[in-house]
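The same protein chain appears twice below, in two forms, each given on its own as structure tokens and labelled structure 1 and structure 2.
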Structure 1
Amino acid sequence: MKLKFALLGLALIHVLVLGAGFLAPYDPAEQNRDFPFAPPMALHLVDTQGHFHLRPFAYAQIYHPESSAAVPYEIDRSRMIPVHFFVKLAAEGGMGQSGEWRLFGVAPPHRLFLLGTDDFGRDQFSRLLYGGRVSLFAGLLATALSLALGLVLGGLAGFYASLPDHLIMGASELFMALPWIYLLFAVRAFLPLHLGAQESFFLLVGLIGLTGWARPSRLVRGVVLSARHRDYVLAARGFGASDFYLLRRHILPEALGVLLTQAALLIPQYILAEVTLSFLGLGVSEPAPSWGNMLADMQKLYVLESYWWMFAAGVALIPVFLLYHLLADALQQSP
């Protein structure tokens, strides 16, 4: 039951971020300078007179830049903004006759900010969905790289032993002894600071993945050491099977369960690594969103004090981490 629940929850989250182009009402880089740090707009079905509406709506917000209030916005309950579904996004934002299909939107010049905006007036809901693509899939791809390296190196170390085993396991001990976050900082410091969003993403994946192969390789080595002496492996060798065939067909498949459990443990660690690096300005840079650079605004005291909706990316990490740890626990308990 736990396994199914975790898989279903993770699948839902990943489908949501993959569908950001349809679910997000705005481009993540689109700025609305007239609405800096706008608070979230609630959806309603019943107006102030008690009338029920089939179409959801939000009340307009009025920005008072001269106000001394921490959140200088006033809700104008005399202006209702109806929400339309399955609309086309016009080139200048809002609804239009041509453009990309979106799940919902409002007619210009109105704007709908379900999770508020940042200091540039960018819609936080749209940035949360698009940023999830970077953070979640950086963790997935980096984990795939680590496990692939761990499988190959651990398989070679366990199967051939002797010199390959000593070299590979010595290198793994070195990598495990170094604190991974400081190792990432050190490597990243030698690389150019200003990179494009795509280059930054693949650089992060490579850095994180290459620093995390040690533990999976040691686990795979243990499985291979045990499997290579089993009767069916010795029988296959007696019939003339090559080393590659033995590894591919009989030995490495034994490590599948270990690799799946490691994947469930490593993915949240690598997501956190991407978030940490982007939070510190060493990962994916603006205007491309990631959950890390979305949280970078939290380094400012006035944002911490007044704009609670800027925690959205941090809140989104909680169910992701809980579901991955639930998945790892279920995999460890499964026979």
Structure 2
Amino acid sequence: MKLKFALLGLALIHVLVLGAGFLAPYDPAEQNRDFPFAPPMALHLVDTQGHFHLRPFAYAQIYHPESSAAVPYEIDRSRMIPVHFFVKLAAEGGMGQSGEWRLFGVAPPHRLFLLGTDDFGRDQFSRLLYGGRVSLFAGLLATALSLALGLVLGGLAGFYASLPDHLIMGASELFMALPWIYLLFAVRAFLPLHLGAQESFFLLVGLIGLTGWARPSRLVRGVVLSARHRDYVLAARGFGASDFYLLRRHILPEALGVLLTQAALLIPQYILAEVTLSFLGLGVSEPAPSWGNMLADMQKLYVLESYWWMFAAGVALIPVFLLYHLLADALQQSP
């Protein structure tokens, strides 16, 4: 039940971000320079006269650039902007993909900003959907990589003790002690000047995943260390069970709980790690959005004080983390 709910929820979120090309009303890089930091626009069904409309609509926003207010926008209740469904995108100039079908949109020159805009007047809602692609999948893949490494190395260390244990645990301490994120700028030097979107993505996954195995491996080792002296493990060995069989059948299942909790924790950490990596030129580069980059914008005092909608990516992360948490919970109990 729980398991189904968690899986379904996660699948839904991933489908949403994968469908960004259809669900997002705008190109994530499209700038509306006359609408910087526009607040979210609410959708209405009932107008000021109390008339009900079947087609949802929004009110136009008027920008007052000379105003000193934090959010210099005014809602113009006399101008209704009706929302249309299944529209063709009309991108202006640049590399836009005009002619693509979108779920909803408004007739230009009006704009619909469901989650407001950023400093370039880019639609936050569209950026959130497109940005989820990079962040969610990079977080997931990197976590899988870290856990796989952690499981194998931690399992080996715990099971064989002595020399492998010393070497692996030494290496893990090394990996944990090094301030990786800050040392990785050395890596950038060996890469070509410009990295394409795919290259950046796999680089991100690789770097985060490869540097993060140490903690899970230590936790796995701790569990394995105690598991291998349990009576039934000793007994199984007495019956001539092979090392591999013992590991697979008895010991690794024990480590599962720890690993799943780790997974639920690593994904959030990895999604946020991208913020720092972008700083070193190893992340997703502008103008492509990612949830990490969007959160990084929030880490400025003037944004924090004035533009609350810039936290959209943070809010979007909460259900993701909860669902992973629930999934870990459910998987831990099911076997």
Partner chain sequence: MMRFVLSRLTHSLMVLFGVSLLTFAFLKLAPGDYFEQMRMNPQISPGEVAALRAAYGLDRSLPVTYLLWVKSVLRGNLGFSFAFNSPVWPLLKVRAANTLLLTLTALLGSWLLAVPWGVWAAARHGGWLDRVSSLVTASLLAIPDVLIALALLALALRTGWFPAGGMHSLAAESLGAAARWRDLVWHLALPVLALIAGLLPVQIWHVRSALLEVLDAPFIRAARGHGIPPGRLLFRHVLPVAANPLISLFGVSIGTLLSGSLLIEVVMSWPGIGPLLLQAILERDVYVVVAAVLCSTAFLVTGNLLADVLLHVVDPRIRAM
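Residue numbering: sequential along structure 1, first residue numbered 1. Note that the structure is predicted; figures quoted are calculated from it, not measured. For the two forms, the rigid core is made up of the largest set of C-alpha atoms that agree within 1.5 Å on superposition.
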task: Could you point me to the form predicted together with its partner chain, 1 or 2?
output: 2
field: Large Cα move at G154 between the two structures, threshold 2 Å, rigid core
entry: yes
query: For A138, is the CA shift between the two structures at least 2 Å following rigid-core superposition?
result: no
task: Indicate whether A214 shows a C-alpha shift of 2 Å or more between the two structures, with the rigid core used for the fit.
output: yes
query: What is the C-alpha shift for A273 between the two structures, rigid core superposed, to one decimal in Å?
result: 3.2
